[in-house]
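The chain below stands alone and is given as structure tokens, in the form predicted on its own.
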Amino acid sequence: MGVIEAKLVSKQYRMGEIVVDALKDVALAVDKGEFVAIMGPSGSGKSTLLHLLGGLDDPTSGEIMLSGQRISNLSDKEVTIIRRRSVGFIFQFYNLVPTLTAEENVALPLLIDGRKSGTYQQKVGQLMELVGLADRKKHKPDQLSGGQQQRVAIARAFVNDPQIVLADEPTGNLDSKSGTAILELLRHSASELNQSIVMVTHDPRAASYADSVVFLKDGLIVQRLAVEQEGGDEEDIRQIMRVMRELEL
């Protein structure tokens, strides 16, 4: 059993008289410490799947399981508590609170959960050190570069020791150097900290940092490819691109 599973999950949206199938009977399991990349063209269902896995939306049919618990039909309050304590999110546009400092943004999930500041200050400090921002912890988002803001978002995603971290195009707005640093952090989190990572990306190089790549097309998983090396390997990148060409993605 995976840490998180989608069991024959479908998602439909109604646009006037038209019903759009965003996902069709998708089955996906992610194990503890596994790093999975999701790739596919625009409109293939990548972000929809990520939102379902994180409890941000409900499937039309099928089940989402987190550590054996079905989350897809829980109440909003119950899902909110599970998200807060078991899931970390990294969004493409950071979603930082502009009036809070970097360390306050990192601590926000714990503050919302009612933790006292004395119980998590050391944890926040360790994460700020890990992402290389110990000297920027008092800076507000507008005083940080895009890469630094994304590092804050990553630290925030890990502050509650989540079972799984969901990342939506985490390097999409970053330069090559900053993007590589983010990918290496995610790789380290899976390999060394035993965190489970699911990352949506359009970039074959970013996907090469994962353990496997899931390819979506028209709401269906059409292939899953194992990645052999630790990230950035040219042969892995070429293999991912070859599959994309074969599947016409």
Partner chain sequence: MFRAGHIQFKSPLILVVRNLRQRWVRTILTALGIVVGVAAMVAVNAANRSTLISINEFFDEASGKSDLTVDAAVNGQRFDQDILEDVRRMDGVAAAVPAVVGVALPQDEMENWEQQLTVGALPVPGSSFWLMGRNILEDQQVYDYSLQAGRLLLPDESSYSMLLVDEYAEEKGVELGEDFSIAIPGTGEVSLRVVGLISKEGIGVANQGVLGIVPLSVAQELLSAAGEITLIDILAEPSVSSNTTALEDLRQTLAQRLGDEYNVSYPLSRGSLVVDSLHSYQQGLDFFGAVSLFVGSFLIYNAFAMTVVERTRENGMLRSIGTTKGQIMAMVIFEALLLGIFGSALGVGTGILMAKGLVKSVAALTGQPIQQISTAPQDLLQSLLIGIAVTLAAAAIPALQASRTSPLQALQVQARSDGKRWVALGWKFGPLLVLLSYLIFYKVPMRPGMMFLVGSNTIFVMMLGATLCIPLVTGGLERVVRPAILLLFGNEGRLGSGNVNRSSGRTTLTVASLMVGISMVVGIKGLTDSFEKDMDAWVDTALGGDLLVRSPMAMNTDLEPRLRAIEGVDAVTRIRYAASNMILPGGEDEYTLFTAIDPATFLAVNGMRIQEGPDQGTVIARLAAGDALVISANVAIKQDISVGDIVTLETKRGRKGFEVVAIIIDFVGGESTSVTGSWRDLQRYFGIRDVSTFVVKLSPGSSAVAVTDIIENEVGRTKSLTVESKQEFEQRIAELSAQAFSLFDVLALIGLVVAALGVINTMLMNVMERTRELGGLRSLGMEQGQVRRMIMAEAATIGFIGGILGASFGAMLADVFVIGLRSMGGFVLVSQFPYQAMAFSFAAAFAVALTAAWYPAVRASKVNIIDAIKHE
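Residue numbers count along the first chain shown, from 1. Just so it is clear, the model here is predicted, and its values are computed rather than measured.
Below, we refer to the form predicted in complex with the partner chain, which is not included among the displayed structures.
With the distance limit set at 4.5 angstroms and only heavy atoms considered, check whether Q126, R136 and F158 all reach the partner chain in the model of the complex. Not a single residue of the candidate spot has a heavy atom within 4.5 Å of the partner chain in the model of the complex.
Would you please decide whether R187 lies within 4.5 angstroms of the partner chain in the model of the complex, comparing each non-hydrogen atom pair? Residue-level check for R187: no, no contact with the partner chain.
At the 4.5 Å heavy atom threshold, is I71 in contact with the partner chain in the model of the complex? I71: no, not in contact with the partner chain in the model of the complex.
Contact label in the model of the complex: T101 to the partner chain, heavy atom within 4.5 Å: Taking the distances in the model of the complex, the answer for T101 is yes, it comes within 4.5 Å of the partner chain.
Quick one: does P170 come within 4.5 Å of the partner chain in the model of the complex, counting heavy atoms only? Flag for P170 set to no.
To test your reading of this chain, name the stretch in 190-198, 51-59, 24-32, 203-211 whose heavy atoms come within 4.5 Å of the partner chain in the model of the complex. Looking at the partner contacts, the answer comes out as 51-59.
Could you list which residues of 84-112 come within 4.5 Å of the partner chain in the model of the complex, counting heavy atoms only? R84, F89, F91, F93, N95, V97, P98, T99, L100, T101, E103, E104, A107, L108, P109, L111, I112, in sequence order.
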